[in-house]
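One protein chain, two forms: both are listed below as structure tokens, the first as structure 1 and the second as structure 2.
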Structure 1
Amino acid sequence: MSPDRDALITGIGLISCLGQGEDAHMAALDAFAPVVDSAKFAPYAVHPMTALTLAAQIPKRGDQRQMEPWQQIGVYAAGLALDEAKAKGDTALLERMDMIVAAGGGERDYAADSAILAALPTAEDPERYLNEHLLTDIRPTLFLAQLSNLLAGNISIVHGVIGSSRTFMGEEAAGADALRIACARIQAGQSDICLVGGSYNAQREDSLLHLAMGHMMRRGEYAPVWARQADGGGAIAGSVGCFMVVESRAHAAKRGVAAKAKISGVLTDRCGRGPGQSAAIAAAQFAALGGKADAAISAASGATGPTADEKQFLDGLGLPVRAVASAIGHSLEPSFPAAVALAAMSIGRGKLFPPLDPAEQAFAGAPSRLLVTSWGMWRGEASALVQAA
């Protein structure tokens, strides 16, 4: 492949409990203290989204009102990425910018749902009552908001990204495949520039309930990812928005924009999670990516089973590792893009952030090759190699 087709990261929009943008995240990770809400959703802790001034990236109040929080998070992060890549407002560029989004379903209006369910048993004509209140109490966009591709639609409306658009559903694997396909299209000459990423709102009762029913959640107080494996494990969810502008080296050079890092490869796979299957996939992926890295950034969720297996695999590589969910929580679709973004930030500034867990090794020097791994809570194994540009 010609170096002109290298996939470079030229813009990153990352928002989480640690703040927004590179400076906030790197400063928070350098002096790490967990940002956790252990009360509102007890017995489950949550890493809440930092306070956002929505108008900074979503100027129209009408646009803000018709979006649910997960869409606001995604649109906001996308705007930050476009700003950093010097693409915001460049109509000619945005008209040919491709977009690949990873997102889940929409959110319920809990107050309206509760009121309808409370009154329904005593209604004189329950069927008529239900039909009337579905029409009057639930906002017209509710059912459309269940469509994950509305995030891409809102990014197009607010920021003007109107090239080809693809939306993936499928939890962690969706985020990994979104980035894989964006890079593959750029490397193959099918795309010059792409906006890719996803968003997740962890501060919702329905999502926490679903994960808890699958026995994925940690009950009780905060502990970092690796340390919590000793007392039952479990994920701590985090609200995260992460989008990146990825473009070919030749295209970035023509625009005169600097790159944070290069994505040398992204590999994804899945298995039935039999003994040793995930580790075999990850080992093959690492070998295919060159079998060499200075350190690893892991998007491990903390969920019992896959997290222990991933740690065993990473320990076998002998690399310093950072489990970023210890800091920003697990965010399903954007978890892998966020880990890649943090790897790119580390390479761009020439410094890996300190350990987030007592089990993690210190790392001195400037990293130039970082392995990024993600094993989904249920399915999906992904690896990426992020290098100096």
Structure 2
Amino acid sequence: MSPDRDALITGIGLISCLGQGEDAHMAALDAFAPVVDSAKFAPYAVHPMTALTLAAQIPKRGDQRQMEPWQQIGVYAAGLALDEAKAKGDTALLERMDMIVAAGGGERDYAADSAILAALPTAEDPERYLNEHLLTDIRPTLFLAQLSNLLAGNISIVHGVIGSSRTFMGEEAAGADALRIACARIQAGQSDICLVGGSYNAQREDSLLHLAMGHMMRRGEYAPVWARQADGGGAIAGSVGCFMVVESRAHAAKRGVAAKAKISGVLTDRCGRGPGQSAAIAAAQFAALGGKADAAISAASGATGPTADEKQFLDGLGLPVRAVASAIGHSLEPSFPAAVALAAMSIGRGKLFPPLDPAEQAFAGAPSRLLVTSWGMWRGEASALVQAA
């Protein structure tokens, strides 16, 4: 492949409990202190989204009102990425910019759901009651705030990215595959520039309900991802928005924009999670990415089984590791893109942030090759190699 077709990151929009943008994230990680809300959804803690001035990225109040928070987070992060890539408002560029979004869906109208559920057991005709109350109690446009593809739709409307629009669904794997396809298309000449990423709102009772049914969440006090494995484990969800502008080297050069880092490869796979299967996939991915890295950024969720297995695999590589969910929480769809973004920032500034967990080793030099790994809570194994541009 010609170096002209290298997939470079020219813009990152990252928002989380640590703040917004690169400076806020690097500063918070350099002097790490957990940002956790343990009260609102007790017994579960969450990493809450930093306070956002929505109008900074979503100027029209009408647009803001048409979105639930998970979409607002994504549209906001997408705007930051476009700003940094010097693409915001460049209509000619945005009209041919591709987009791949990793999205979940939702969120529910909690008051309407709860009222209907409370009334159904005593309703004379429960089916009719449900139909009639769904028709009258749900606001007509709520559907649009729930549809998975409407995060992308809102990015098209608010920021004008309309070259193409694809939405992938499927938890952690969707985020990894979004990035993989974006890079593969650029490397193959099928695309020149792509906005790629996703968003997740952890401060949502409907998604916490889903995680609770799977017994995926940690109950009780915050502890970093690896340390908490000795104490029941479990994920602590975190609200995260992460989008990146990825473009070919030739395209970035023509536009005269600087790159933060190069995504040398993204590999994704699945298995039924039999003994050793995930580790075998991860080992093959690492080998295919060159088998060499200065350190690893892990998107491990904290969920008990896969996190312990991923730790064992990473220990085997002997690399310094950073499990970034210790700081920003686990965010499903954007978790892998966010880990790649933090890797790119570290490479761009020539310094890896300090350990976030007692089990993590220090790393003093300037990293030039960072491995990024993601083993989904339920399925999906992904690896990326991020290098200096």
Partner chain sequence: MTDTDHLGRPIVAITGTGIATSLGLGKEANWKALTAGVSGIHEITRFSIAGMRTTVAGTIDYLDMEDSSAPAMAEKLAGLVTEEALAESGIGTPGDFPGPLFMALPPVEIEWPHRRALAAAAGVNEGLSYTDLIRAGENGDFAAWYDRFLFGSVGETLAARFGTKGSPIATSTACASGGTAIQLGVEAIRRGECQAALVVGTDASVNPESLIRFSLLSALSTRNDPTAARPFSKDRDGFVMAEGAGALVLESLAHARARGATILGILEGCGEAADGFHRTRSSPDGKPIVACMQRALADSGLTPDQIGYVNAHGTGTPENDKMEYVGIAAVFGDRVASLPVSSNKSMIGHTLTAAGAIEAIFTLYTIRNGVLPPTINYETPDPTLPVDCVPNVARPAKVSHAISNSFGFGGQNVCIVVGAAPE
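Here, residue number means position along structure 1's sequence, counting from 1. As the structure is a computational prediction, the values presented were derived from the model and not from experiment. The term rigid core refers to the most C-alpha atoms you can superpose between the two forms while keeping them within 1.5 Å.
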Here are two forms of the same chain; which is the form predicted alone? 1
Using the core for the fit, does the CA position of residue 221 change by 2 Å or more between the two structures? no
For residue 130, is the CA shift between the two structures at least 2 Å following rigid-core superposition? yes
